[in-house]
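Heads up, the chain below is alone and in the form predicted on its own; it's given as structure tokens.
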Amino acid sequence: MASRINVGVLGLGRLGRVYASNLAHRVPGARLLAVADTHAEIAEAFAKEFDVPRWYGNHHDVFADKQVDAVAVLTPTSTHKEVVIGAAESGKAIFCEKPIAMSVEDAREMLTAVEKAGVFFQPGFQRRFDSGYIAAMKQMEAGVIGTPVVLTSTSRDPFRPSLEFCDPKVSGGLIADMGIHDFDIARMYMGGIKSVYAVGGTLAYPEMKSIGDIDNAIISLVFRTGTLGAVHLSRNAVFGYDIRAEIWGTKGSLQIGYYRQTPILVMTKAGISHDVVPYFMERFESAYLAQIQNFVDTLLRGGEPAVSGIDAVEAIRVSHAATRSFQEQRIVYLETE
């Protein structure tokens, strides 16, 4: 068994830098051997800053590098299909950030290529590696809340990202890009989803109408067991980053998440106050690290991916069904999709 995995990071945008810096200094068992970005100067600057031996201006050079054992794909979602298939054909183990593809068809084609090549493939869903979500699953499995009957999941950004990112042609849109995490967690806790019904609107940022996307949505879920769920999505929490979930059971409930980032309350005559979670990196810093550590550890010991390709495909299926539900103003049944 190998003692260390040589990893190449493809894409050095906001999240790519997070993964790359973690792999460079915080992931035992990993060596960040190479970084690549279509803006070669960004790759070169990162390599110099973090003492990475090799940098490239495109992912093909990483595929050709025989010393790279695995790649982390952090390129734009619209490029994932081509990049992942290329990585599989070059024999690299693959970590791919969510969504793994823009369409279900592309995702399935990617999994076919991965299976044909016989390479390790793990999609990125960092909430599965967050301590709160993990603890809730353990409590559920222990029967603490009895039989789960209702799930609610909330994802609210403090502000909208750039219009370029929000464009559904790039990200898939609010429901597909943001909601995919909630749909994945819903499946993890409650099982397969039978139907979805979505409502939404461009309510806080009128300029988003120019790209054809919405900034708020509510999606009702019916699971195959008959249990219920609701997903709340928003780009305008304003006060901070609001990521929470609650699972109601026949004997009690579990609440996941928090508003206060720093464990201190300020109490004066004016009232009691505290800070808030600023954004996704502060909320999930430990989860992102745990996720890529799990990827490396599993490769070293020869285990199965903690999150499967089928999980990724199903999350895309649900998110696209919910988007279609909003567009067509009807219930969409997953069995017929």
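In this text, all values refer to a predicted model and were calculated from it rather than measured experimentally. Under this definition, the rigid core comprises the largest set of C-alpha atoms superposing within 1.5 Å between the forms. Don't overthink the numbering: it's just position in the shown sequence, from 1.
From this point on, the text means the form predicted in complex with a further copy of the same chain, which you will not see here.
Chemist: Since exactly one of 112, 253, 79, 103 fits, which has a heavy atom within 4.5 Å of a further copy of the same chain in the predicted bound form?
Modeler: Answer to the contact question: 253.
Chemist: Under a 4.5 angstroms heavy atom criterion, identify the one residue in 119, 237, 170, 208 near a further copy of the same chain in the predicted bound form.
Modeler: Looking at the other structure, the residue within range turns out to be 237.
Chemist: I'd like to know if residue 266 sits close to a further copy of the same chain in the predicted bound form, meaning any non-hydrogen atom pair within 4.5 angstroms.
Modeler: It does: once a further copy of the same chain is placed as it appears in the predicted bound form, residue 266 has a heavy atom within 4.5 Å of it.
Chemist: Quick check on residue 75: any heavy atom within 4.5 Å of a further copy of the same chain in the predicted bound form?
Modeler: No - in the predicted bound form, heavy atoms of residue 75 and a further copy of the same chain never come within 4.5 Å of each other.
Chemist: Residue 191 versus a further copy of the same chain, in the predicted bound form: is there a non-hydrogen atom within 4.5 Å?
Modeler: Heavy-atom contact with a further copy of the same chain at 4.5 Å: absent for residue 191.
Chemist: Considering non-hydrogen atoms and a 4.5 Å limit, does a further copy of the same chain approach residue 228 in the predicted bound form?
Modeler: Yes, contact at 4.5 Å.
Chemist: Since the chain is shown here on its own, which stretch among 161 to 169, 180 to 188, 93 to 101, 137 to 145 would lie within 4.5 Å of a further copy of the same chain in the predicted bound form, judged by heavy atoms?
Modeler: It is the stretch 137 to 145.
Chemist: Hey, with a further copy of the same chain in the predicted bound form, do 46, 282 and 334 all fall inside the 4.5 Å heavy atom range?
Modeler: No residue of the spot touches a further copy of the same chain in the predicted bound form.
Chemist: Any residue of 202 to 217 with a heavy atom within 4.5 Å of a further copy of the same chain in the predicted bound form counts; write them all down in order.
Modeler: 203, 204, 216, 217, in sequence order.
Chemist: Once the two forms are fit on the core, has residue 263 moved its CA by at least 2 Å between the shown form and the other one?
Modeler: Shift of 2 Å or more: yes.
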